[in-house]
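As a starting point, one isolated chain is supplied in structure tokens, in the form predicted on its own.
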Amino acid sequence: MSETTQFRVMDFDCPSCASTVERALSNQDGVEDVEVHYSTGRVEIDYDDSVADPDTFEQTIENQGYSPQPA
């Protein structure tokens, strides 16, 4: 079953920063779609909850050097 979660990341410096986070999240098992909006800091993740572990999403964003907050 597909689920969606959102974060807010307000410390993006440039569009390529947002692309880096999008690419890292897209590589997570079970992630079906990721949209990262540089200008608003909104990160939306669609995932298969039988495969993905949503607890890892926040850590994945932090590993890229950013501070996610639940939206």
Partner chain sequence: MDTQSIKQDYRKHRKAIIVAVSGLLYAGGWTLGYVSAFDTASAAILILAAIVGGYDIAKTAYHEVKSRTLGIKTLVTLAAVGAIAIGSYWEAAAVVFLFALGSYLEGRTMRKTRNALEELLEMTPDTATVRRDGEQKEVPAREVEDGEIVIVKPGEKIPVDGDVVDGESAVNQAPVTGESAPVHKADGDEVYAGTVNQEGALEVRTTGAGSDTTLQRIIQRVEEAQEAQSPTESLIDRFAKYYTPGVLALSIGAYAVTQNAILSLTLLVIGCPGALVIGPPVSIVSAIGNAARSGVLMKGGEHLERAGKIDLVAFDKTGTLTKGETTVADVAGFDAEASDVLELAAIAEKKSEHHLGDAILEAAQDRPAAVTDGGTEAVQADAESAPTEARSVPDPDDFDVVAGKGVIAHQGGREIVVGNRSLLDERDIEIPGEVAEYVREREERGETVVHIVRDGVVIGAIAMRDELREAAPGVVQELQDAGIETVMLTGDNGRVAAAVAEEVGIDDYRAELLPEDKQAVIEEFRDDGHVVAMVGDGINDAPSLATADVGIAMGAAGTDTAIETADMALMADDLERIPYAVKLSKATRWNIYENVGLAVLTVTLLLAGVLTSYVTLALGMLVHEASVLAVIGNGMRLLRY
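Residue numbers count along the first chain shown, from 1. None of these values were measured; they are calculated from a predicted model.
Just so you know, the form predicted together with the partner chain exists too; it's not on screen, but the next bit is about it.
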Inset, instruction - Find out whether any non-hydrogen atom of residue 4 is located within 4.5 angstroms of the partner chain in the predicted bound form, and reply yes or no. - result: no
Inset, instruction - Consider residue 56 of the chain shown here, and say whether it contacts the partner chain in the predicted bound form, taking contact as heavy atoms within 4.5 Å. - result: no
Inset, instruction - Indicate whether residue 30 is a 4.5 Å heavy atom neighbour of the partner chain in the predicted bound form. - result: no
Inset, instruction - Determine whether any heavy atom of residue 48 comes within 4.5 Å of a heavy atom of the partner chain in the predicted bound form, and answer yes or no. - result: no
Inset, instruction - Scan 39 to 68 and write down, in order along the chain, each residue with a heavy atom lying within 4.5 Å of the partner chain in the predicted bound form. - result: 39, 40, 41, 42, 62, 63, 64, 65, 66
